[in-house]
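We begin with a single chain expressed as structure tokens, specifically the form predicted alone.
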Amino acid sequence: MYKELKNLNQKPEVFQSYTADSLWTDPHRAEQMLSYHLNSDIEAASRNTEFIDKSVSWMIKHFELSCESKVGDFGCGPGLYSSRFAKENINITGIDFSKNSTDYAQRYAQDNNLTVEYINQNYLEYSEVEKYDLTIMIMCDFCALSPAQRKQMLTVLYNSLKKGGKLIIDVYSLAAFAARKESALYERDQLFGFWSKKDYFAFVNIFKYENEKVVLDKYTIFEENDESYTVYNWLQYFSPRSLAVEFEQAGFSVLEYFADVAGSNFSESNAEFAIVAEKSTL
């Protein structure tokens, strides 16, 4: 038992293991994720309804979108943003790894007579070229990617934009990193049945990597049938400059920073911030 507990609390190398797919491929957890997305009372997976409405309205105005504009929503989930763009007659494509989410989004679009193209695909493998006037990646999805994956993601986004096309992404800030604390928690039925239909116990370890500005939320689940598994939730935190470096290396020109994807004024003290960049016309 001592060795098991020691291993549980062992701090892994940064981005050593990547298990994000397990949140979407397991049927039970996929349903739980969808329910979090659709619950407007919490912001665990999506912003609240009021913010999303404000955000879409601001983006349409700020980026001067029209019925001729094409927008790519990367990590669209159940279409909370995509459906709102469609209601404003914007040509919108949503890309998401979760079939559960895109199936729901498609049903919602059909039920509400909305025209949306949904693609069930890992956005890292997306290959459309020079299609969009604007691409969005919201709810700090970019932060969950490793450095190599972020480089790949920026290449995908760059290639998918028309020349002069724009991109907006939100990320966690260094102020948010400073607020995170390392901890260890042992709990039965952690997150109220999120991890399994079966009875289970969870060990939750939070590790901070000061040099890399990364936090790991590590969940080790033990089910009643003695099955166990570990889920690694990595989060990268950025300064405006560290984020700009990655964008510039991918060929983007950084244009603006905001506190969020609804156009609020930028502040270093905010837990998140948004970056607007443009595909080079050269």
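Everything quoted here is computed from the prediction, not taken from an experiment. Throughout, we count residues from 1 along the sequence that is shown.
The same protein also has a form predicted together with a small molecule, omitted here; what follows describes it.
The small molecule is not shown here, but in the predicted complex it comes within 4.5 Å of a heavy atom of residue 139. Mapping the unseen interface onto this chain, residue 94 falls outside it, with no heavy atom inside 4.5 Å of the small molecule in the predicted complex. Though the partner is left out of this view, residue 81 does reach within 4.5 Å of the small molecule in the predicted complex, counting heavy atoms only. The small molecule is not shown here, and in the predicted complex it never comes within 4.5 Å of any heavy atom of residue 203. Note on contacts: among 98, 173, 135, 196, the single residue with a heavy atom within 4.5 Å of the small molecule in the predicted complex is 98.
This chain appears without its partner; in the predicted complex, the one residue of 122, 110, 155, 127 with a heavy atom within 4.5 Å of the small molecule is 122.
The putative spot formed by 18, 37 and 76 is fully lined by the small molecule in the predicted complex; each residue has a non-hydrogen atom within 4.5 angstroms of it. Stretch 139-147 is the answer when you ask which of 207-215, 183-191, 139-147, 157-165 has residues with heavy atoms within 4.5 Å of the small molecule in the predicted complex.
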